[in-house]
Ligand code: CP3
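This document starts with one chain, in the form predicted alone, laid out as structure tokens.
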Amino acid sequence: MNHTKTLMRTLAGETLDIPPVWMMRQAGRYLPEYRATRAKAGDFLSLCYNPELAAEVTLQPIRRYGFDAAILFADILLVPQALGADLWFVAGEGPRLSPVTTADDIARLRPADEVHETLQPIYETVRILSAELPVETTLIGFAGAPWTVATYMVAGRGTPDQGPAHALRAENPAAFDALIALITDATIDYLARQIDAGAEVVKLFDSWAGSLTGPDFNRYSLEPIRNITQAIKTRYPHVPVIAFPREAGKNYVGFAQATGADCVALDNSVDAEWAAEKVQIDGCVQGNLAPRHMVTGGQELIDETRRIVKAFSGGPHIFNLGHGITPDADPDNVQRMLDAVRQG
């Protein structure tokens, strides 16, 4: 592990006077330079699969703000596409997939060990970034966690309550378990190849973990993340894993120990002081400023940023938002946030 980088030191368990900072979706539509590059690419998927342009948009926020980490520009739905699902994006509405709703649909998907054939451009993006990022900047690779990816595959789109996936797991648990297992194996391969290409940290986004309760949370969020983390740790014991079971609530407690993750990312629905007492006791936490502050700015942004830094100052902490920055954010507010973290 490279202990000269602030993010890597924090993930190793060190408490720093000034926490490292990066933002989810930091390469995105709130930046005019991103919009210009996306226009050059033609569409979102073309941008994801163009290594030079994907690397460029990953580097843009690093040049502008000097974040302590860069996260690979890609999308969690590239894995289902690599497994054989049709994927396209509808302007103003988001992603669409050919739905996977039966055991036969699942059987027609490609084997997990074939995902790398489609995803070669993503690994090339990682190689470019590994060579071009500043020496002090950590490179984060990522993937969607199996439950969240499955919700999109079953419904063919994002849904308010992940109802189609809940229905399939209730009506045909064997088929749904097979889908989760396939996504898990494909994700292990995907992350391993990102690491081979130069990713120093990997993150698992379980964006819809909050729709799972009781034993279902453990079975479909915690256990797949644990299986992926253990597989990565077996092959790459020096590579930290960040897990983000968004809106997990009380299920954040003990999540790091149960999964083996080096850091748990927190959404902004949980209080920082509560999380410091209940979650940070197990190690590094990441978060959790509400993204709305990147839109509204003002003294409230500065005060909330300082409050969160203070709340987590007793242990290892990576400052971040509680979810991705939104397209209507003011780029100047990002700098105000950084100044509040770094200058107090």
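In case it trips you up, residue 1 is the first one in the sequence shown, and so on. Just so you know, these numbers come straight off a predicted model, no measurement behind them.
The discussion below concerns the form predicted together with coproporphyrinogen III, not included here.
Among the residues Pro95, Gly210, Gly84, Pro99, the one placing a heavy atom within 4.5 Å of coproporphyrinogen III in the predicted bound form is Pro95.
Taking the partner from elsewhere, no residue among Tyr123, Arg127 and Leu139 has a non-hydrogen atom within 4.5 angstroms of coproporphyrinogen III in the predicted bound form. With coproporphyrinogen III left out of view, the stretch that reaches within 4.5 Å of it through heavy atoms in the predicted bound form is, among 311-319, 66-74, 277-285, 290-298, 66-74. Shown alone here, Ala27 lies within 4.5 Å of coproporphyrinogen III in the predicted bound form, counting heavy atoms only. With a 4.5 Å cutoff on heavy atoms, Trp88 does not count as touching coproporphyrinogen III in the predicted bound form; it lies far away. Residue contact with coproporphyrinogen III in the predicted bound form: Tyr34 places a heavy atom within 4.5 Å of it. Taking the partner from the other structure, coproporphyrinogen III in the predicted bound form has no heavy atom within 4.5 Å of any heavy atom of Tyr236. If you take 252-278 and check each residue for a heavy atom within 4.5 Å of coproporphyrinogen III in the predicted bound form, you get nothing at all.
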